[in-house]
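In structure tokens, one chain follows: the form predicted on its own.
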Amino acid sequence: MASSNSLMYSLFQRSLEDLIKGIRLQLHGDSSFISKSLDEIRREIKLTDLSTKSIALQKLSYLAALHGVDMSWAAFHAVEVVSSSRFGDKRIGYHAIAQSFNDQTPVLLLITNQLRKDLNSSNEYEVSLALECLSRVGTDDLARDLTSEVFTLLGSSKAFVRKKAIGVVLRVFDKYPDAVKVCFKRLVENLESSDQHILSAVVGVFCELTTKDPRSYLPLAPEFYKILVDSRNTWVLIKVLKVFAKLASIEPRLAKKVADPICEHMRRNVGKSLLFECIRTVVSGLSDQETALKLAVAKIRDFLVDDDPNLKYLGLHALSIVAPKHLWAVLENKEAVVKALSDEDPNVKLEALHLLMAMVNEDNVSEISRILMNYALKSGPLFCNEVIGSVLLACSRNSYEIVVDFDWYLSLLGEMARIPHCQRGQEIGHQLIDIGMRVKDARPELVRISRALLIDPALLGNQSLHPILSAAAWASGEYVEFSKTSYDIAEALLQPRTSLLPPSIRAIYIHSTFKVLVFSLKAYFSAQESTSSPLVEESTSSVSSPENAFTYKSISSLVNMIELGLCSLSGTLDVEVQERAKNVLGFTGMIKHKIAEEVTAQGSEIEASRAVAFMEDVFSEELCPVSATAQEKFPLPDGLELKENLEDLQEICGEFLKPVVESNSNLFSSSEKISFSVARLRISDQQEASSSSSHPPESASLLAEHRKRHGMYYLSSQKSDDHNDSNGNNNTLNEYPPANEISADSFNPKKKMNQSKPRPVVVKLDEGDDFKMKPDASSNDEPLSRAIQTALMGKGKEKEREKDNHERSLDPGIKEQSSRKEKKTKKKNGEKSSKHRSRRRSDKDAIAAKPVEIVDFLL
């Protein structure tokens, strides 16, 4: 019955071609058809007929490759198909194994004998199938068990088999390093083969091996040199050049030896691929050879002027390799590099941009920046922002070390903001603030640039440029003393168009306006104290000071403008903007009332001056840059739980976080408007202490009880609650909203860098400001490297060394004691033998770490 079913399935079984046609005919999705096909495959693959089973496995492999169907359940069936005597079935089985097997496949070891059988087959195509399968799914066990078969095939008389066996060596060496002792000598012998296919395969294997540890293969330099001189096969020469590029970087004498043959290849009329590989070998490994380097640079110039964008990109790439050591090569081709910025290929433009940034220094930063900004104007969004980002990164590197004239650089930042497609608002805004904090001499120009940015209407409607406006608003208020007229700054901050900004940016505008007001009032009262002139007469006096000097009329005009600009914001829905606007309005109302009193009211003038001095002291502390690693230098306080799960904090503190609706609700019911009185302002320490201690006793008791019950969430501190209150007051002053992004309209370079101007002092932080990656020490103690060094130095010499080290490590007295008391003191002998093993291991490591001697042909 089973045989009849098998016959029926084989007669009416659909082939892979039928499956593909059926999938293509599905109009409403192929998921249902694939599921039906899988059910059919499951039934067919369980049959005993290998032909039916192989066709089912072939269809399953197709569905797994193109539609992601899981075929791990058919692993055992693939092993069965591989055992078929028919070559077609065997090929389907090996393909399925290579596609679906991995190191965790349970039935992987079942194919060991089948692989051995096929590797010893007289049919070279069956041997080829087995080698390809071993190269894909070979594990440690398979590599160990089949090393002898691979060794035999390395000397096969059939070139088709031998070149595939050479390729499998990579997988075998990687999984089983001890195979080097068996196969390495025969692998090296294939370097002398006259067959170009075999030679190409073996050179490709060594090209891959040298990428891991090139020092181990220095003794093979004579064989590679012979191939470099004698061979005319392009692909063989390319691989040999890759090998020499790695070997020459660790052995200078080798670079001198191979320079002449490489130059001969460059002078010949060779293909572009071989010519470029010669150039890359010279610029990467032979850059100290002057003759070869000049010839390579000349060939690079031919690549740069070629119309083919691929060759132009390769030329730029070669220049980028040689640029770190020999910048003159890039400077000689500066015109070609600049011209490449206008190429249609985006990869060519990016490579040219990277080369230009490699040439930037103190002398040419202005010229290169001007060239790049002109190209940014004419480019699309992607390349435009790449150009701007590269200039920003190059100029800000190492605390702006290549920037001499910061006035020029600040004007350049302002011009960047007006470039169309600019999306680097976050970086530009950060640098505006950073320069203001680090370079004191640049603050006047920073304020001028900031005001120009604030009044530019094109920046307000672009969300990507809002971080620049945020930084400009902050700098205008923070360094308002460097402005020509503070009235213009306040006017720019309060313009009606600021309604287009988000609330977080408008809050910064309002706070900067408050700083401008406080500074102007301070300057006004200082002038009054110095001149001792009446308030009324000062309304007709003129501004005589070069700095900001104010009359009664100008101060009144400034206060009226601020009140008019902020009046509409006092009723906004955003609480941050509303609170800051009402604070400024309350302060202006208080000051305006006091400065308008008669001259006879000397007390009011003194009180107003004291109020302004108090507010001026709040902003007098200068902000300085902070190292990015400053927080890491402070130890974690005891009792602070940073990793504690706080999800249940709401439940724990729920009863204490309820709003108190008692006597506190009547505190502000008497007045709806905000009113201030200078008479109530107290600056003395005693009055501050008395006001800070007047907390409601109920809230204080709740806080104490909560601290007692949930002490793990509090810092252990000896400071009083008054200190917490003062911290709270300070936080309201320093709480600036985050910035966002930018773009603009036109670019007209207006300011040139002043070369004669001395470089101002730039505040630099400690070494912790820059993150330095520690290079990983590469060890030469890998099993494969040690095995190859052992094979190259000779087995006899290595055995002699091990024997001498063993005898040197064993003391004669210890040997006598160990022979007499071997049965009595096993523990002591174990300890001594472990010591001997450690000594032998250290000697072997020293031998492995010792550089391989270079053969005499290099001398």
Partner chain sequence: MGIRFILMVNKQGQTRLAQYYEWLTLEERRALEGEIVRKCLARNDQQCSFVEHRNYKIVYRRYASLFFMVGVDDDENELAILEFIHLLVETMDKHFGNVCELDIMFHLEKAHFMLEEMVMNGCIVETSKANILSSIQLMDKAH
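Just so it is clear, the model here is predicted, and its values are computed rather than measured. Numbering follows the first chain given and starts at 1.
The protein also exists as the form predicted together with its partner chain; that form is not presented, and the subsequent description refers to it.
Inset, instruction - Could you check which residue among Y313, Y479, Y225, W408 gets a heavy atom within 4.5 Å of its partner chain in the predicted complex? - result: For this set of options, the contacting one is Y313.
Legend entry - One residue of R580, R418, K164, R438 in contact with its partner chain, assessed in the predicted complex (non-hydrogen atom, 4.5 angstroms): So the residue touching its partner chain in the predicted complex, by this definition, is K164.
Inset, instruction - Given its partner chain in the predicted complex, answer whether the residues Q289, Y375 and P760 all have a heavy atom inside 4.5 Å of it. - result: No: no residue has a heavy atom within 4.5 Å of the partner.
Inset, instruction - Can you check 408-416, 98-106, 465-473, 366-374 and let me know which stretch has heavy atoms within 4.5 Å of its partner chain in the predicted complex? - result: Every other range fails; the passing one is 98-106.
Inset, instruction - Using a 4.5 Å heavy atom cut-off, state whether F33 contacts its partner chain in the predicted complex. - result: Result no; F33 lies far from its partner chain in the predicted complex.
Legend entry - its partner chain contact at E277 in the predicted complex, heavy atom, 4.5 Å: Looking in the predicted complex, residue contacts with its partner chain include E277, since a heavy atom lies within 4.5 Å.
Inset, instruction - Look up in the predicted complex whether V69 has a non-hydrogen atom within 4.5 angstroms of its partner chain, and give yes or no. - result: Taking the distances in the predicted complex, the answer for V69 is yes, it comes within 4.5 Å of its partner chain.
Legend entry - 4.5 Å heavy atom contact, E132 and its partner chain in the predicted complex: Yes, E132 lies within 4.5 Å of its partner chain in the predicted complex.
Inset, instruction - Select from 144-179 the residues with a non-hydrogen atom within 4.5 Å of its partner chain in the predicted complex and write them out in sequence order. - result: The stretch 144-179, when checked against its partner chain in the predicted complex, contributes F160, K163, K164, G167, V168, L170, R171 at the 4.5 Å heavy-atom cut-off.
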